[in-house]
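Presented below, as structure tokens, is a lone chain in the form predicted on its own.
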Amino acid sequence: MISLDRLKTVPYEKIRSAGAVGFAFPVYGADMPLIVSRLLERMDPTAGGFRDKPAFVLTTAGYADAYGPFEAGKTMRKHGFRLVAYVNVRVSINISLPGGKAAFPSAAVMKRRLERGEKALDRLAGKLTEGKRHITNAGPNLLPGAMIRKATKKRQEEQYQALSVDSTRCIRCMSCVRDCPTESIIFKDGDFTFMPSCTACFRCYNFCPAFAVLINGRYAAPEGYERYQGPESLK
């Protein structure tokens, strides 16, 4: 397993030697996160020595999977992969924003979702071992998915411009800088700068111990806007 956090080079050798390559990511705005799409755009199947490499995709979604295997397969083909399996697991959205509370599931609901997810992963592993195709989402809602992607693509790419740090709340622990998966937060001369390489994962917002990360300049009090720090954080 390779985490995309700070992956500097395309792992061509591992791709060539693998029987199948898996991509696991949360669905953002009915699309793959920028950190994943940027990796795929860097791939050159010819230079990497692979073509039509079997690939499987595991996604998570908070509400509904409007991405689906049709879009995943199209993207995979473009970059030298052949989609053989696709599974989506419903978990939770990852953020509550100022101006609108997020509908986080309860701990009991999340427990049931995770149990269903584990069964789905077991089935996926069994089918891959047997060499069988396994597509669990036939790709409904293609039109809504396309509309969501079109509406949110620019917003995701520009999300870094909406992020800032409240210097009066910040305790200078540097966890946001240290833990950013794309190294997109820079602290220099007493100021924080968010870079265009941001993938809009909201890790900085959710895990800041002082709740000092702002979105569009607005502070979201934790009493009204819960931070999502994984399934175990839900009450």
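These figures come from a predicted structure and were not determined experimentally. Quick note: we count residues from 1 along the sequence shown, nothing fancier.
Although not depicted, the form predicted in complex with a small molecule is the subject of the following passage.
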Quick one: is residue 37 in contact with the small molecule in the model of the complex, heavy atoms, 4.5 Å cut-off?
no
Applying a 4.5 Å heavy atom distance criterion, does residue 147 contact the small molecule in the model of the complex?
no
Interface membership of residue 75, the small molecule in the model of the complex, 4.5 Å heavy atom rule:
no
Is residue 28 close to the small molecule in the model of the complex, meaning a heavy atom pair under 4.5 Å apart or at it?
yes
Selected contact from 62, 48, 54, 69, since only one has a non-hydrogen atom within 4.5 angstroms of the small molecule in the model of the complex
62
Residue within 4.5 Å of the small molecule in the model of the complex by heavy atom, from 91, 124, 84, 162, is 91
